[in-house]
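Only one chain is included here, represented as structure tokens and corresponding to the form predicted on its own.
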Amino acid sequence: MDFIHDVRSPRTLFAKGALSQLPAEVEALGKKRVLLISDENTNKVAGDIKKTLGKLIVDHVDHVVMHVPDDFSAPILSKAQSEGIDLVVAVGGGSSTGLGKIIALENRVDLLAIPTTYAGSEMTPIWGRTANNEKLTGRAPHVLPKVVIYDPTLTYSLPMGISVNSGMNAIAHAVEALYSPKVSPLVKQAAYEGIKVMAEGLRALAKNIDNESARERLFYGTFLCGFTLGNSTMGIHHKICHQLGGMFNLPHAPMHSAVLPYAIAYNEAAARDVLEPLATILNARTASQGIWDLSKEIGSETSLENIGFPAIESEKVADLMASYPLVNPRPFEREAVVKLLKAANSGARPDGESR
């Protein structure tokens, strides 16, 4: 064994109706000037929060942009600083949390996250932003939310497309935690459990979108998968997705869903010891095939072509990736990465079989 156990996690509240505890959490943090961030899908929840927190909310950003471009966040950062914001409350998907993290990063204020999708970024100290068609990421302890409130009722109306693709995004976090160097055995077990729970929940939801028990389980899986990413390193899957997101502004969750089986296939031989148990969990011959089969079963994205990736740019993407360090069980191999991108573009089952 060779691992480091030094885990970080926000204070986490998980319950149906947990949103009602928001005022007490804000009071416990001692905050007086709140910036509320919401996305286009959480207008009703944001309205309820504004009524609950009242005069504590001094500003409200009611729309967000994927990948947090600097030209979008800059005026928000400036206004938040001039208004003396001491807490950001971000409600919605990963883009809401992402904007909140950039404000926390630049203005050194605390963040409280209320997720409504299965992105999982609320459990990590990882920030991301884009400038000049390049996505930049990093880690900073103070962008990790002080509090995360998981209220499964907030996901009951989440459309199927967003549900299954953000669910695969969460699974991607846990997969890469499995082969992260020196990962804690407790984090690794959380990753296996998170993937198992997500797979079961996504299959149940695909059969019945009104399955409230599946929604609750999926939020639990999101918590586990996000926690694992927050306490491990990112490998080739996330590097590819960050590169594609910055260069082509591809939709975040469907992109993760489309790339994941092929990123796993890239690492399959080099990380056999941790990926074979994953194949067993997915009841498949290999982990890459199991993830692809799951995507097909639940209707999440399996092809980069469908979301606008120009396959002709595969070599350019690989060349740009070569200039960045990669922590991954299999070293960066340019031609293999080009092949990976082209396979993800086609969407064929990793072993070439069709189903």
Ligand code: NAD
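From 1 onward, residues are counted along the sequence shown. Model, not experiment: these values are computed from the prediction.
If you look for the form predicted in complex with this ligand, you will not find it shown, but the lines that follow are about it.
Contact with this ligand in the model of the complex, defined as a heavy atom within 4.5 Å, holds for exactly one of Ser232, Thr116, Ser257, Thr222, namely Thr116. Out of the listed residues Thr42, Thr302, Asn328, Ser314, Thr42 is the one that sits within 4.5 Å of this ligand in the model of the complex by at least one heavy atom. Shown alone here, Gly93 lies within 4.5 Å of this ligand in the model of the complex, counting heavy atoms only. Interface residue remark: Ser121 is counted as part of the site for this ligand in the model of the complex, having a heavy atom within 4.5 Å. Contact check for Pro159: a heavy atom falls within 4.5 Å of this ligand in the model of the complex. Leu112 falls outside the set of residues with a heavy atom inside 4.5 Å of this ligand in the model of the complex.
Figure note: of the listed segments 304-312, 66-74, 319-327, 29-37, the one touching this ligand in the model of the complex, with heavy atoms no more than 4.5 Å away, is 66-74.
Proximity of Lys135, Leu154 and His252 to this ligand in the model of the complex is complete: all three residues have a non-hydrogen atom within 4.5 angstroms. Shown here without this ligand, the chain has no residue in 261-296 lying with a heavy atom within 4.5 Å of that partner in the model of the complex.
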